[in-house]
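One chain comes next, on its own, written out as structure tokens in the form predicted alone.
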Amino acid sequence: MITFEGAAKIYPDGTVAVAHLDLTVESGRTTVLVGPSGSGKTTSLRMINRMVEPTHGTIRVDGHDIRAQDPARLRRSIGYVIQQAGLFPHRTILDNIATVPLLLGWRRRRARARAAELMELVGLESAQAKRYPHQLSGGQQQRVGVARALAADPPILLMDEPFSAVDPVVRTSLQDELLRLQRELRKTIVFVTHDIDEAVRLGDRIAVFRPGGELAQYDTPERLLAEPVDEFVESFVGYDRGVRRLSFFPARGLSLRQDMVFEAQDRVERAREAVVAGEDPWVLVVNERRAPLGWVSARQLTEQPSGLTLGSLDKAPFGHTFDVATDSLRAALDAAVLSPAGRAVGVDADGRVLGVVSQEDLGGAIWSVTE
């Protein structure tokens, strides 16, 4: 557990970076510090490992005042990940990861064996062990940075905007990797970001800082989105916070329709009959494995009297699917909005269609869980 008790950082010219911070970071959880530039979030993080010395107040790690500890020893006991990894360019990937264990006096063989284990844990290939940082992509370098921070198995991991320098696709994959690692390792993570979406996705608790280094709100992601304490927090989390909040409600309770799903070959006549009878203006066509091929409209069916073929469905879009068991109502709503039929396609873990749900039915489900 990390506790800030009236912690402050005021520079000699009078600039207040952090103002009287009272905050408790729970053990085994991810706490995200978020706020605009100059709000003190990075300074607060760097005070934990004494990269920045507090001017006032006390910071304790597991009940021990950090100022009673040797700074170098304290830093070696806490993992630290920064933007663009901060790797040593003249050392191989394996030796970069082994840095802290070697500083702690581990034998080289043991330190390198630990580094090799961690490469696999963070999703790096063993063949990359002898490469140098410039030979890896930005996302791979960030994985090395995470592995290096974990090398001595520290209970605390500090992460200062570690994914901000990579493109959105790589950033999402790194977030996924961090979530997976945290499920396995249960470290106490303090994570700094300026991106509220990243904070909501990764954090068990979120601390929102306002300019001047003041803590505006400290809460769970769901409560932060549902009940911002003032106009500043409301504007910072965004006026689409209602949509973000849907991420915390599972999609598995949705009622899915099966009567709009037809196989491309032997059931297309039944699909045409359903459309002609006015039951629905769209049908979802699937293959023999129940993988979605595309939405077909009433007009397409009536204009193709000879029936549909797999070839004719090559360009029949269905947007994207959502996993009924694991995805949220937000994912289902996004799938429905992007669908040409205005309906979301729910699938199982193997991509087999379980049914579809309309925007109207989604609206009812959303109202029932958020009222």
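Treat the numbers as computed from the prediction; the structure is a model and nothing was measured. Residue positions are given as counts along the sequence shown, with the first one as 1.
Below, we turn to the form predicted in complex with a small molecule, even though it does not appear here.
At the 4.5 Å threshold, heavy atoms of residue 37 reach the small molecule in the predicted bound form. Under a 4.5 angstroms non-hydrogen atom cutoff, the small molecule in the predicted bound form lacks residue 347 among its neighbouring residues.
Contact check for residue 41: a non-hydrogen atom falls within 4.5 Å of the small molecule in the predicted bound form. Under a 4.5 angstroms non-hydrogen atom cutoff, the small molecule in the predicted bound form lacks residue 223 among its neighbouring residues. Between 41-49, 61-69, 22-30, 326-334, the stretch whose residues reach within 4.5 angstroms of the small molecule in the predicted bound form through a non-hydrogen atom is 41-49. Checking 186, 194, 91, 241 against the small molecule in the predicted bound form, a heavy atom within 4.5 Å turns up for just one residue: 194.
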